[in-house]
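Just the one chain here, laid out as structure tokens, in the form predicted alone.
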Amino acid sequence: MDAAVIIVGGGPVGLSLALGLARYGTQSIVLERKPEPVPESRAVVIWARTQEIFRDWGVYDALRAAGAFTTTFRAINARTERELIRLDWTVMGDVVADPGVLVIPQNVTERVLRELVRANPLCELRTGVEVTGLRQDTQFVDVSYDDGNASHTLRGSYAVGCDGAHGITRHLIGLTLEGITYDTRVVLSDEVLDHDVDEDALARVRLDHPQLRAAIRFAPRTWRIIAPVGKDGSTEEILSEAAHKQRLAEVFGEGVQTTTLWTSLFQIHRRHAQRFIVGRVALAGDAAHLNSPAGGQGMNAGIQDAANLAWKIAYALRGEGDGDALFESYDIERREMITGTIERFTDRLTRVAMGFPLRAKQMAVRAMSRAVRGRGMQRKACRALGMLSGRYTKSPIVDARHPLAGRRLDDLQLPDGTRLDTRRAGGTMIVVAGEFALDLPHVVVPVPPKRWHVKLPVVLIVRPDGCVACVIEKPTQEKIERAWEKAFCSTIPLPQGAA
């Protein structure tokens, strides 16, 4: 083999997958058509759940240094200049080690990830190449590509298509994206203002406009304009200079001077592939699912695909147990998360922002503004936006009988000052709460939160992606061994050694 895994597509998802595989000692080759990172900002937010993943893999510090981290999300009414909504991420400090939002444009994210991939001896990035074919059998996948001078073929145990909605991988394995396309079209543009506006606000919104008008700041004096325009009107008219100036005036006022970096007119989709795995080939990111940009969860969802897939491929490659079943669980889990949590959340935001009548939209925003003043609703909103919610209930490797199983485990602070995720360090973990003697490596949580809804004593088996695989009440050594085998399809032995 040329590498254990051949990754088609070197955007944020493909590069993240390569780094995730490397974290588990697995070699990969990334094939990317573009010689350089995308020039546009595109996705501009890395949410809390994705930050945790990057922290597990040891790459978060480089991204945070390249972006702007904030603990407060503040949106104002662009007409009245009054505050609409304020989210204080520090309310999540008990369950997230470093609560906040990392604002960083996608071109910067790609640049940083490329540098990290190139510096990692287990990763190889080949750019300026075009994938042309794919063949697989029960053991290997062969990926053909053209570098402009000659054709080549790489062999791996697995291949993963991270090449976007228009990539070739999904077509080569016979899948399509099914779902809906919203009637409303959206104009995006990135604008650099000639002066500072609202340095402590991340968003400006017009609530008195028949269609949504909003701007999001992602760099000093640099804003993303978001303007739904409906299904009528020609592209030339919508993207004309007069229409562009009108949109700027609507969010920044008359006479604002900007430099336009990038503009685009597109339709919003809610689609996903019928399966995320065919044979030994998986799909991740936009190649597997397209979501509304409302909530900024598209790129983050793709990176979370990579987090689910990386450890499963790495363990399956060890050649023990049922690696095929472990690999297949990726399809079941991520399709459930996309369709059951992420699509529903982004669809709800999209319909409120673009489908509600003006009066209903204003009432909805005002009701939300009042609701999030309470700590409970602040936490709920931060969980939803930060992608800290969601659950795997249909997975064959998750014992979903307990409501905590299948969920991300809160990153609690332990009595010695460390956090659960720090102790897990991107690997597996056994958590014990209550009086129970266990002669296996484990972490003790003396007083579990009430929201866990557990009866003491209890043992939790935690996967490398931070998800709870099983909750064992009235634990015994035999129950733990059975649960461990199910969670990892017997691909790794139960850890032994000092407790």
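A residue's number is simply how far along the shown sequence it sits, counting from 1. Predicted, not measured: the structure shown is a model, and the values here were computed from it.
The following text describes the form predicted in complex with a small molecule, which does not appear among the structures shown.
Engineer: Looking at 228, 100, 296, 426, which is the one with a non-hydrogen atom within 4.5 Å of the small molecule in the predicted complex?
Structural biologist: Filtering the options by heavy-atom distance leaves 296.
Engineer: Considering non-hydrogen atoms and a 4.5 Å limit, which listed residue (185, 407, 335, 224) is close to the small molecule in the predicted complex?
Structural biologist: Contact check passes for 224.
Engineer: Only one of these stretches, 52 to 60, 462 to 470, 441 to 449, 30 to 38, has heavy atoms within 4.5 Å of the small molecule in the predicted complex; which one is it?
Structural biologist: Checking each option against the 4.5 Å cut-off leaves 30 to 38.
Engineer: Give a yes or no for residue 154: in the predicted complex, does one of its heavy atoms lie within 4.5 Å of a heavy atom belonging to the small molecule?
Structural biologist: Close contact is absent here: in the predicted complex, residue 154 is far from the small molecule, nothing within 4.5 Å, heavy atoms only.
Engineer: Indicate whether the small molecule has at least one heavy atom within 4.5 Å of a heavy atom of residue 284 in the predicted complex.
Structural biologist: Result yes; residue 284 sits at the interface with the small molecule in the predicted complex.
Engineer: Quick one: is residue 162 in contact with the small molecule in the predicted complex, heavy atoms, 4.5 Å cut-off?
Structural biologist: Judged by the heavy-atom cut-off of 4.5 Å, residue 162 is in contact with the small molecule in the predicted complex.
Engineer: Any chance residue 356 has a heavy atom within 4.5 Å of the small molecule in the predicted complex?
Structural biologist: No - in the predicted complex, heavy atoms of residue 356 and the small molecule never come within 4.5 Å of each other.
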